[in-house]
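Quick heads-up: it's one chain on its own, the form predicted alone, in structure tokens.
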Amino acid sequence: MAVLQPYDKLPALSSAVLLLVGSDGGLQHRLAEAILREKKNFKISIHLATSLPLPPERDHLRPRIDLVAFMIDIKSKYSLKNVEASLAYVDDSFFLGKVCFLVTGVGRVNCCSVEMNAIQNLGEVYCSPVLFCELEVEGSQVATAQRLLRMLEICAGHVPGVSALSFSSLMRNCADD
């Protein structure tokens, strides 16, 4: 099984690639469409996967992935287990600013099946930011799309003077305050 590598391919000019990994395909599609509707000055490709590893037979056609967003549905324990199992197929160097955890369904905390501590610990263990959102609400969906798009722009190297690692570190420090 192939491990996802961040620097095994050359980047394409004025483009960025986002990989959304999660068990809820409907939310993935909704978020991907929201991201593609946003105004941007570079070409974006969004790939969807329910879990990792990705199929090795198409590896030679797959572009370099700039950001991996693991989607965890707060009302599904399976969603968290799926993400935890997928993390084994991500190279350690991806966790230097090119991974984030996107927790969906936070508007329905009363229906919560996943412990918030487990999600926070996941972010701490993998040194990656945890973003909370509600993709069922249009305004939150747009805000989440804009936030991921900005992170993707930084991770792809399109923002001079800001690296993915420094941005990720800044986000984690802001969350700790």
Partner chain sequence: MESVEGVARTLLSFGRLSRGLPFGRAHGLSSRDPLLPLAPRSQENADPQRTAFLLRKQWTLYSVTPLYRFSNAHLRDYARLLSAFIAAEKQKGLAVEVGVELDIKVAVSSLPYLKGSDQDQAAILVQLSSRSPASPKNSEEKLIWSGWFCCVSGDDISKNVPEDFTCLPLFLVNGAECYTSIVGSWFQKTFDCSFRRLAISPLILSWMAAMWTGCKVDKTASAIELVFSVPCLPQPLDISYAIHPEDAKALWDTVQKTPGEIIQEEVDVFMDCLYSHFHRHFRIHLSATKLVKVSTAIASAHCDGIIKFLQSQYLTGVLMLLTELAISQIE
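Numbering follows the first chain given and starts at 1. Keep in mind that this is a model prediction, so the values were computed, not measured.
The following text describes the form predicted together with the partner chain, which does not appear among the structures shown.
Trainee: Are all three of F95, E153 and S163 close to the partner chain in the predicted complex, meaning a heavy atom of each within 4.5 Å?
Mentor: No: no residue has a heavy atom within 4.5 Å of the partner.
Trainee: Which of these residues, S113, S45, S51, Q146, gets a heavy atom within 4.5 Å of the partner chain in the predicted complex?
Mentor: Comparing distances to the partner chain in the predicted complex, the residue within 4.5 Å is S113.
Trainee: Residue-level question: is E124 within 4.5 Å of the partner chain in the predicted complex, judged on heavy atoms?
Mentor: Yes.
Trainee: Can S76 be called a contact residue for the partner chain in the predicted complex at 4.5 Å between heavy atoms?
Mentor: So S76 counts as contacting the partner chain.
Trainee: Please determine whether N117 contacts the partner chain in the predicted complex, using a 4.5 Å cut-off between heavy atoms.
Mentor: Within the cut-off, so yes.
Trainee: Might L87 be said to contact the partner chain in the predicted complex, defining contact as any heavy atom within 4.5 Å?
Mentor: Heavy-atom contact with the partner chain at 4.5 Å: absent for L87.
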